[in-house]
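What follows is one chain in structure tokens, specifically the form predicted on its own.
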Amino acid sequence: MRSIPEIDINRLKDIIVQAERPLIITHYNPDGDAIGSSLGFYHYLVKKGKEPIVVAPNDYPEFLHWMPGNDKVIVYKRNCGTVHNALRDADVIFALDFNDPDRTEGLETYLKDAPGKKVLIDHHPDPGDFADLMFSYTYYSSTAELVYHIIESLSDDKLIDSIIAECLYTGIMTDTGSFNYNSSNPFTYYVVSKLIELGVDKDKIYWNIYDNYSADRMRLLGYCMHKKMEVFPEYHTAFISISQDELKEFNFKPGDSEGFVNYPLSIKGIRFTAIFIEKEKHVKISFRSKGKFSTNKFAEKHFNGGGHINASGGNSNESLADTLEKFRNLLPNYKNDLNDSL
């Protein structure tokens, strides 16, 4: 594993020592890595004698609420004034698991204008130029894994206890789809082994995340597999779409569609999948792939998105029907790429 430049580690060490009002913020629609890395870093800063504030732009799935420190997270959508004041008063802001202020959707201006120093800790490609100190490394499986490496590089790995370990393991596990993608680096398993040594019950965490859904969510999944999945064998592609009416029919809650995009990858010959979810003003899209097909380039070029090679996201301001038609029409252009992807 490539080491983080010592000069950056020393700068971070000074920033942490001097911090009096640290704030941690993550991206809109936080996932397991966003919350896991943020809470893991939160507990680390507490052990350093700090009193950090943790901000999430909006609510996140209930299956993440079991995590230690969940009650410390301030959700911006329910506490706008509190978050505005916290950003204004913070002397250092740690931006975790996102690479551009726009990913905070509603807080970008407040984040950009905040007077405190900004430290980016993230593993997504092409970071924006908004941080005073940047830890941006795409070869880590997750931001949670990067947080572990940063703490270790600060010679503070002895401060990582079972609580921090649980948070970081959750981030790594969820951002790799239980180690099914973004997880070919041996260092990932070195970190996982260290976290398990610290008392992580990996089975319990898996159950908390993946065996903690509602009956409505399971019915929605069955409906999507039966009624809403389209398969294009000639393009090694399949996708799922869900309308707003369908979300209401199945009492949709944040996180209920988590993992749906992965299911079509189990079909023989399928190498590229997507899920399209109709929101009030846009269509939210997630992409997954096997092998060399770059979902991030596809998302960036056609759907205002980005991410990792095999896992990325995007959005469309067109109607759901028009967005699906656009996607179908794009597939012939990528036939050769998808044929050669494995």
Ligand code: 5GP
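Start at 1 with the first residue shown and count on from there. A quick note: this is a predicted structure, and the numbers were derived from the prediction, not measured.
Just so it is clear, the following notes concern the form predicted together with guanosine-5'-monophosphate (5GP), a form of the same protein that is not shown.
Contact with guanosine-5'-monophosphate (5GP) in the predicted complex, defined as any heavy atom within 4.5 Å, is confined among 36 to 44, 50 to 58, 64 to 72, 281 to 289 to 281 to 289. Taking a 4.5 Å heavy atom cutoff to guanosine-5'-monophosphate (5GP) in the predicted complex, the contact residue among R217, K118, R103, R271 is R103. Among residues of the shown chain, A311 is one whose heavy atoms approach guanosine-5'-monophosphate (5GP) to within 4.5 Å in the predicted complex. Among residues of the shown chain, K228 is not one whose heavy atoms approach guanosine-5'-monophosphate (5GP) to within 4.5 Å in the predicted complex.
In the predicted complex, guanosine-5'-monophosphate (5GP) lies within 4.5 Å of some heavy atom of H124. In the predicted complex, no heavy atom of S294 sits within 4.5 Å of guanosine-5'-monophosphate (5GP).
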